[in-house]
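One chain follows as structure tokens, the form predicted alone.
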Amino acid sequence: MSDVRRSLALVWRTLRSMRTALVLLLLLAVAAIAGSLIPQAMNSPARVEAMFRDHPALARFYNAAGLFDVYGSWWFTFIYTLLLISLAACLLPRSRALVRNVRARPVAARELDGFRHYAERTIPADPERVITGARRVLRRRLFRVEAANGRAPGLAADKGLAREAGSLLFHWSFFLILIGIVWGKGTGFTGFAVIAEGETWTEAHANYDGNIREGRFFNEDHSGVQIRVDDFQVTYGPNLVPKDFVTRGELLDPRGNPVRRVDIRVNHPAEEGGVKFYQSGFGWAPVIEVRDGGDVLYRGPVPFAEDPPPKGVGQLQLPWHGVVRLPTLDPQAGIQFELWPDSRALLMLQSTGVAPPMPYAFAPVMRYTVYRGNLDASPVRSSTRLDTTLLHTEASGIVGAATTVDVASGRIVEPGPSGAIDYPKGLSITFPELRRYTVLEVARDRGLWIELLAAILILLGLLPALYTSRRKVWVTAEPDGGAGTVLKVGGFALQRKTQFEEEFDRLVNELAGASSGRAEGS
């Protein structure tokens, strides 16, 4: 049993070391780097699936080590818990010691000439007057002063406890930040909402389409807050880099009642019900209608994604891609679209082989390819690309804005005299209009106020820790056998000892001057 106790005592002494806390903090930093470099299952499930497909052995190792879910792994939680215990074990004894020091009064010293800093002055005044002047000077310099009983009148003084209090406040605030992170991230969530112009989006789990990361203690506590996007506008600089983009819309409560209108920009989020909406991205969302004869199979805006340009190509912009899946048909059908917001870029590509930038829409057109077969061939399902492994091409063509095309013949279907369209039998595609969509990062973090408070306390704790130092001073006043008094001053510094040399000389001169009526030192 004694061996067990010794082992436990060794573990506890190790945890109480600030060096241990620093090592644990370093381990958390290394884990955070791993979480940034390795795809995480909660953030990028498609990348994780792709890694299992392309590098199965490495993926199995990462999965066994918990590297696909670093922040939810048992070892990350274990390190985090040890860090909290280590910090608390370090700070609690220091806090108790500070309380004892605050309650204790300065203690008299016997032999002042034994201190490293010692000085004597002969002053033409009685000892009581010398002690009274010394008490006044020390209190003005923010010392705690206590009368020292001895053969001669004396004082014991100290100051600088604010330095230790500031240091403790700094470290306790760091501990509070860790608590705030656990509480905020554990009970919060972060997701991305893709919303086309004219649509209303509700903050609920099903509406994130898998683009959501929830805390371990979240329990599906979604707010139900709604946002209606009325308009999205983007302006470009001379180099065609987006200079400003803004989502204009209206926030609604969970019952659909309007709350207020908002303009959401980068670094200017909107908030309702503790949920914040941040501007993250944008793109094109053509409205597409697919019919089978007179039956509407699909109608609505479809978010498209743009392929990144090759390295070194500069501002070259490639077409946007989107997909409409029709799983109810037999056999199933999928339509792959290629959007050219500015049809002039497509014409230039066909004539010169180079597509110029097209930040704005001008007579937009879409190429389409209709595939038939099994739509569920791939476990990694892209929202903008079809896996054609088990599909075969049925038809392809092009459709312009505000037109309808017959898939079988590829011909444009014109409206009749009444303005109505007599849709042909078989599939037909209508491209009524081109809209934009906005990507909003939606987040709730209940621990932010804790982290903000801790950050403020850290700054407050740094001030006394940086600008104050522990000092102890003793003063005695002994009669010199005549009408004067021998002033003896001793002292030492716990921090910034080299600076105390000049500080001590000034203090001695001021003590002597206050007793003799001269204003020396400062």
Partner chain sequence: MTSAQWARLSQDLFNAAMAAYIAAMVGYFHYLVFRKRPAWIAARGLAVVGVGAHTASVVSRGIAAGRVPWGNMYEYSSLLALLVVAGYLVIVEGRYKVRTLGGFVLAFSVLTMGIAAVRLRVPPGPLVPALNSYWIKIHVVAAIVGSSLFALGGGVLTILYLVQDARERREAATLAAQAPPPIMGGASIDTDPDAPPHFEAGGDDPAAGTTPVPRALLPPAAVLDRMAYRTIAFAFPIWTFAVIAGAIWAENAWGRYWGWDPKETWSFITWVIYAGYLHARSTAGWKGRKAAVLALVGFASLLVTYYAVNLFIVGLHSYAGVP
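Owing to the predicted nature of the structure, the values given are computational and were not obtained by experimental measurement. Positions refer to the first chain, counted from 1. Each form is matched to the other, and the largest set of C-alpha atoms that superpose within 1.5 Å is called the rigid core.
Just so you know, the form predicted together with its partner chain exists too; it's not on screen, but the next bit is about it.
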Using a 4.5 angstroms cut-off on non-hydrogen atoms, would Arg129 count as touching its partner chain in the predicted bound form? no
Contact test in the predicted bound form: Gln499 vs its partner chain, heavy atoms, 4.5 Å: yes
So, in the predicted bound form, is Pro242 in contact with its partner chain at a 4.5 angstroms heavy atom limit? yes
Using the partner position in the predicted bound form, report whether Phe61 sits within 4.5 Å of its partner chain, counting heavy atoms only. no
Region of this chain that lies against its partner chain in the predicted bound form, out of 166-174, 255-263, 413-421, 367-375 [heavy atom, 4.5 Å]: 166-174
Sort through Met51, Ala41, Val486, Leu28 and report the residue having a heavy atom within 4.5 Å of its partner chain in the predicted bound form. Leu28
Select from the listed residues Tyr118, Tyr208, Phe218, Tyr278 the one whose heavy atoms reach within 4.5 Å of its partner chain in the predicted bound form. Tyr278
Can you tell me which bits of 55-82 touch its partner chain in the predicted bound form, meaning any heavy atom within 4.5 Å? Tyr71, Phe76
Yes/no, Val508 Cα shift of 2 Å or more between the shown form and the other one with rigid core fixed: no
Does superposing the core leave Leu87 with a CA shift of 2 Å or more between the shown form and the other one? yes
After fitting the core, Gln499 CA displacement of 2 Å or more between the shown form and the other one: no
